[in-house]
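Below, in structure tokens: the form predicted alone, a single chain.
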Amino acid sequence: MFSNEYLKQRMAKAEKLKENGINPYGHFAKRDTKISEFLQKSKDVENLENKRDETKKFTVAGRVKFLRLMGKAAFFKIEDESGILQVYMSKNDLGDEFNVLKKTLEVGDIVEVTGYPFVTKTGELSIHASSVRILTKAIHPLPEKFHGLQDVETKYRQRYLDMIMDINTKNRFKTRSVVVSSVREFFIKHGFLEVETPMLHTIVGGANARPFMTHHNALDIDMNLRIAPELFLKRLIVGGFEAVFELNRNFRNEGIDYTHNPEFTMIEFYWAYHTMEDLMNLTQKLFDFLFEKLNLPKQLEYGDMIIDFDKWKKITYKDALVAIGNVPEDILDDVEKMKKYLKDSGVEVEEHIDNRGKLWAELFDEFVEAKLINPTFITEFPIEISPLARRSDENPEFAERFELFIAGREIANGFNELNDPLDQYERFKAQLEAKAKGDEEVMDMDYDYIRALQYGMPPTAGEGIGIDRLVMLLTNAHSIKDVILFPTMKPKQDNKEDI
């Protein structure tokens, strides 16, 4: 450990600081001004005849991102969260302090600078240092600035380094924070109550997905990390709350790709005495609210696509298969014909998938989803793939459900909630039968939820929106890893020579 030669050289410089009575890991910083504030408060210096104002005194701090030594003077740039600033220091101003800094200061160090504003001959507003103090000595060198951090995997594994080197990364996560706070603000403004429900469940429920299993030692029971908060939130509707939401994490033991991470963020909200049509209208209002908050154009660039948020569309599941996916309509009621069509198209279908609804879903995923660029609500889902949605009174084979697709990806899922306890019981039984046939992504029987429905749940509509995918869309990010600060990754054997 600490065998890397570069690290040894930097550690020697940290020892040099100690020899000069300077703690290279001191604590008590005296910063009184952020860099953005310095630049704002010093703008008038550009109008002065001598381009400097020695009556003003500021103390700023940040990480050294560039350093140029010139004998008895030096220019370097420091960066804090708010911006970047050029610093000028000289032996005339700093005396012996300059000699120590010349031998020990390096790119990556975190420093505190006190001085006055001035404008250089090249016209750059800078700070003329009267004091420079190393607050934290960086032992590991930063990547070379010209090339930056090139390795994508390193960007995800060492997010701190990614943030140091790429301001776009920091800005993307600042946008994510604005999105999350704005979503919360929107629902509170519309009368929804924010709640928290359990992360540890004893029953797998709320969505079709494989759970992460664990064991509670004190109770000696198996538990799972929740795959969705749905059944608990609907219990609250039974209890008398009429509009609730939860913005939090879900966990699904599934594959990892550009749009899936095992740990992800969603908002789920439930609205008594409202319908899925109300939810679709509310969702459009949410997007309008976010576009205003983020100052985004309604014609949004995403990769090589232009998504028009003035052109919302609604189409049934079946019509989408035929009109958008070009699936022959005459096979949609024949299980064997659909299996053959999928097989002939090179799509492998698992043996346990043997009903119309699940085969429709296979067809939709393969032939429709990627073509849904502008915001599109898909409605009238097959009942077989909608175990918690209300059955249509007009056509009981379909659920009163929708999903929102944008840029070829699912963004939201909502429906009129099933509040018939007998129907719900039969659907849970069907889920258990599917599990017995090998389907590992179905729900367990939740007897207490059936009991809750027996007390009566008012007509309710509910929806879930994936926050990570939403942020991807709004920041033009093409991997979910780009919008999750610390995405799930397979552990890597650390090379001790690198630390």
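Rigid core here is just the name for the largest C-alpha set that superposes within 1.5 Å across the two forms. In case it trips you up, residue 1 is the first one in the sequence shown, and so on. Here the structure is a predicted model, which is why all the values come from computation and not from measurement.
Form predicted together with the RNA: not shown, discussed below.
Proximity to the RNA in the predicted complex, defined as a heavy atom within 4.5 Å, singles out one entry of 420, 277, 397, 254, which is 254. When you look in the predicted complex, the only residue of 56, 435, 34, 52 with a non-hydrogen atom within 4.5 Å of the RNA is 52.
Across the proposed site, 75, 143 and 151 without exception bring a heavy atom within 4.5 Å of the RNA in the predicted complex.
A residue is said to contact a partner when one of its heavy atoms sits within 4.5 Å of a partner heavy atom; residue 71 meets this definition for the RNA in the predicted complex.
Proximity of residue 88 to the RNA in the predicted complex: non-hydrogen atoms within 4.5 Å are present. The closest non-hydrogen atom of residue 480 lies within 4.5 Å of the RNA in the predicted complex. The RNA in the predicted complex is not approached by residue 215, whose heavy atoms all lie more than 4.5 angstroms from it. This chain is displayed without the RNA, yet in the predicted complex the stretch 112 to 120 from 296 to 304, 328 to 336, 311 to 319, 112 to 120 comes within 4.5 Å of it by heavy atoms.
Taking the RNA as it sits in the predicted complex, the stretch 241 to 266 comes within 4.5 angstroms of it through a non-hydrogen atom at 252, 254, 257, 258, 259, 260, 261, 264. Residue 77 shows a C-alpha shift below 2 Å between the shown form and the other one [criterion: core-superposed Cα displacement of 2 Å].
After superposition on the rigid core, the Cα of residue 182 moves by less than 2 Å between the shown form and the other one. Put the two forms on the same core and the Cα of residue 387 is off by 2 Å or more between the shown form and the other one.
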